[in-house]
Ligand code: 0CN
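Form predicted alone, single chain, as structure tokens, below.
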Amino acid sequence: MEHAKPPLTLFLAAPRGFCAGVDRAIKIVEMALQKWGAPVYVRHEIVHNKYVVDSLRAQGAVFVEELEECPDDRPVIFSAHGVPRSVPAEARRRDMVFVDATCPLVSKVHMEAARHHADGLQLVMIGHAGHPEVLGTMGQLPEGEVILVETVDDVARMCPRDPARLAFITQTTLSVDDTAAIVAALQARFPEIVGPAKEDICYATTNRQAAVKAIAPRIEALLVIGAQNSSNSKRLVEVGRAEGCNYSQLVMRADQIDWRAIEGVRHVGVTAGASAPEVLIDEVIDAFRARYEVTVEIVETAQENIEFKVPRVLRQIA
């Protein structure tokens, strides 16, 4: 006689998973393959998710880290994270066909940086060193024109050219709470610093963090579905821990769940970073159903209906 499965409630955060920028970037690669056939080259992972990248690779996308790895006679796509200005400039010099899949919300930050630079201000960027979005944004301006800060302590160590002539921008995928502390430190030390008219952290990052905060008091464990190199996914884990959910873990797929670590737990939160597809969320839910008598409760804190258009060069096949 089969043993009865123990009961467990999954609190499914909403919104979760794909954002409009990620959805657009993936469509761009798929439509480029339709238009030009395989191979189509992609500079850097189009979004930070192995499942997505592997799926596109199977369709004929070739992922490279630098433009020099691409042949002149095949199309190249720039990832959703954005690229330094030198990259499209080099593509034009080589007379390459290229499509820019940079998220429009990242492009907005690029334009802010350019505008402040034109006004004679030195930029401070709040972000994570080495992240592709940060490299792309800092690469919009000449070297030395952007100071990167990651922490409040970095603000204390800053040596700007002119403390009265500063503006700040942020990476779009940061922790809302951590960023607020750094902004406060900047404003305290440099009262004349100019900020964005509207915060740079994107709606999807903000919404997903708010949903985790809503479920955290009701759960004993939180699983965030996303990649290890996904900034917004890692921030969701941090938000869960900051809200009192000590067992907050990032997993790429269901086979990475540590079942022994959550043995005896009866209330689990599930969310996904902005580059994780819904199929991976379903996979995790199915894995729980194989082991538990599962009740799924959706906790919705916002509705998202934003859609970004693909570049004009691809619209005729949309």
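Since this is a predicted model, take the numbers as computed values, not measurements. One-based numbering along the sequence shown.
Absent from the display: the form predicted together with the ligand. The rest refers to it.
Site residues V22, H131 and N229 are all in contact with the ligand in the predicted bound form, judged by any heavy atom within 4.5 Å. Think of it this way: in the predicted bound form, the ligand has a heavy atom of just one of V239, L121, I169, V106 within 4.5 Å, and the residue is V106.
With the partner left out here, the ligand still marks one of 281-289, 40-48, 26-34, 262-270 in the predicted bound form; by a 4.5 Å heavy atom cut-off that stretch is 40-48. Interface membership of T137, defined by any non-hydrogen atom within 4.5 Å of the ligand in the predicted bound form, is ruled out. None of the heavy atoms of L223 is located within 4.5 Å of the ligand in the predicted bound form. Proximity of A80 to the ligand in the predicted bound form: non-hydrogen atoms within 4.5 Å are present. Contact residues in stretch 246-270 (any heavy atom within 4.5 Å of the ligand, taken in the predicted bound form) are absent; none meets the cut-off.
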